[in-house]
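The chain below stands alone and is given in C-alpha cells; this is the form predicted on its own.
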C-alpha cells in the first residue's frame, strides 16, 4: 500500500475546480462501512441493492454510472411535438388531471399542459397519487421522451414533473444515469451515490503513482469517485469513469498474476519432443497441418518440454482443427511415459473424440479408453483398474473423470475441450489428479480479445485462424413467409444427391396445452412432433432418426452412428448436437425457433455442416424479433467477429462478479478501455506490492 499523497491540482486532466472532501484518518484498514450507515438506507432497502452487487458503502462509491444525461432547456410545446423519440422539456399551464382505473391496482393518470403554441399530454401509469400532485391552472415543467400512440396522438410517457416548489434541474445540468434495482428509483439511487461520494470519497487512498496517473490522464481515486457521481463537466465524467473502470481491471489482473507466479514455481515433468518424434507424429496424420496448426504445434512442443506446467488456451473457430492438436500433445506426453486425460462436457463430444482419434492413437502404439457416467459398472471397473496400472495411456471422458475413484498412474497432461463449460474449480480438480500437470484448454466458442485478456490472463493464448483446406462454403439464410413452403423440396433434392440433413428443434416433448391457443408461428417447435411430421412426409423414405438428451446413452449412440454411417439421411434433434457430431456429408441444417438461441449457439449448430467439400446451407426459421442476429449470421462465418457482436449485444457482465452478460456495473467499456486492460496486466506483473494490494477481495486501501 502506498502512502497518501497530496491531491494534484484540481484542474489537471479534468478542467474543474470542484473541491474534494478532506481525508479522514481511520485506524488500521477498516472498510468504509455498511450500506446502512448512509442516511436513508435501512435493511429493507439495502437488500434491494444486492441485486446490482452493492452491499457496502465502498460498493456504492464504485458503482459506475451507465451514462450521462444533460438536462435540456425549455422549448415550445408545438416544437417538441414534432421531435418524435427525442427527450424534450416543456413548460405550460396544467388542465385538471384525470384518473382512469384499469382494474385491480392498475391505473392511468392523464395530465395535459398548454402554452401559447399548443398542448401535450403526459401519461403516468400506476401512479394514482399524481392526480393529487397536479393542480389545474398552475404552471409545471415536464421532461420526457416524445412518443406517438397507436392512434397517432403525441404524448410524454412517465416524464419528470417539476413545479415551483420542486423545480427540475437547470438546463445543462449533468446527471449520471444508473441501472437501478427493482424498488429503488434511478433518482433515489443517484442521490445515494452522490451523498456517499461527498461524505466518503476523501477516505480513499490512492495506490497508483503520479507517473501512472499522468500516463493515462487519470484523476486520483477520490476525485474520480466524486466526479463520477457529481460530474462538473463531461470531460471530468469520462476521466472519472475510466479511473473507476481501472480498479476492477487491476484487481482481476493482480489475481491472475499471482496465479501465474504460483504456476511458474511448479515442477512439471517435461515431455520433450525430438525432431524424429515430431516428424513421426505428423507422419501418422491423414492430412497436412495448416500453417496455423503448425504454429500452435510449435507452441505446444515448446511448452511440453519445460518444467513449468503448461497453461495454454487454444481458441479456434468451429471446425478449425483443434482436436488434432490435442492428439499431438497427448502422444508426446505418452512418449515421455506419462498419461493424458481428454475431457469434454457431454458424452456425445467425449465419444466423438474417442472414436475419432482411437485408430490414430492405436497406430501410434497408444492405448486409449472411454470413461463416462453411463458406463456399466463392470466395464467401469475394468477401465479404472487399467488406468491405475498405467495400461490406459489416454483417457477420454466427461465430468465422470472428477470421480474420486478415477486414479491415474502418472497424469502429466489434462486436455479440456469446450473449456468454457467447466468452472475453474472443476479444471483444478482434474489437474489435481496429477502433480504439476500440463493443462491445455480448447474452445470452439471464440472469446473476444478483451474478455480473453481479462478472464484468462494467467494463460498463454493460441489463436487457430482459418479452416482446413478442402471445405465447402456455408450459405446462411433467414427463411420466412412463403419461402418456408419450399424447404421440403429443397431437402429432398439434396438428399437425392446423397447428402444428409440436420433438423434442429428447441424442445423435446409434444405440444403442450399452453401451445394450443397460440398461432402456428408462435408455437415452440418440438423435436418429437417434427419427427412425426417428417415420417409422414415424402422425406421419410430417405431414413429419419430422432436424437435428444433424454434418450439412453446407448440408444442415442446407435442412432447417431446410423447417421454417421449414412444409413439415414435426416437427423431430427434438439441442440444436443451442438458439439460432438462431425459428418462430412451433412450439408444442410434447419434450425427452428432460432430466435431462442444466441449467436454463439447458432454458430456452433451451423458448424455441424460445411465439414466436407460440398457447399452447405444453414436455414434459420425464427420470428423478426431476432432479425439483427440473423442478419449478422447471414453476413459472416467468422466466429471471432460473431463473438464481438455477441459481446456488444448481450453486454459483458461484471469482471469481478458472476454475471456473464448484461450491463457492466464497473464502468468498463470493452472498446474504449482496452489500453487500461493492457496497462493493468503490465503494472501488476512488474510490481509485486501493487499486485498484493489489489489481489484481495474488496482490497480498496484506506488512509491509515
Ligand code: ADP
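Residue numbers count along the first chain shown, from 1. Source: prediction; values computed, not measured.
Unshown form predicted together with the ligand; subsequent notes refer to it.
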Students should find that, of 331, 320, 621, 268, the residue having a non-hydrogen atom no more than 4.5 angstroms from the ligand in the predicted bound form is 320
Of 498, 167, 549, 469, which residue is found within 4.5 angstroms of the ligand in the predicted bound form when only non-hydrogen atoms are counted? 469
Please tell me whether any heavy atom belonging to residue 289 falls inside 4.5 Å of a heavy atom of the ligand, as the geometry stands in the predicted bound form. yes
Verify the contact flag for residue 617: yes if a non-hydrogen atom of it lies within 4.5 Å of a non-hydrogen atom of the ligand in the predicted bound form, no if not. no
Non-hydrogen atom contact residue 582 with the ligand in the predicted bound form at 4.5 angstroms: yes
Would you check, heavy atoms only and a 4.5 Å threshold, whether residue 611 touches the ligand in the predicted bound form? yes
Given the stretches 322-330, 367-375, 212-220, 158-166, which is the single one in contact with the ligand in the predicted bound form, using a heavy atom cutoff of 4.5 Å? 322-330
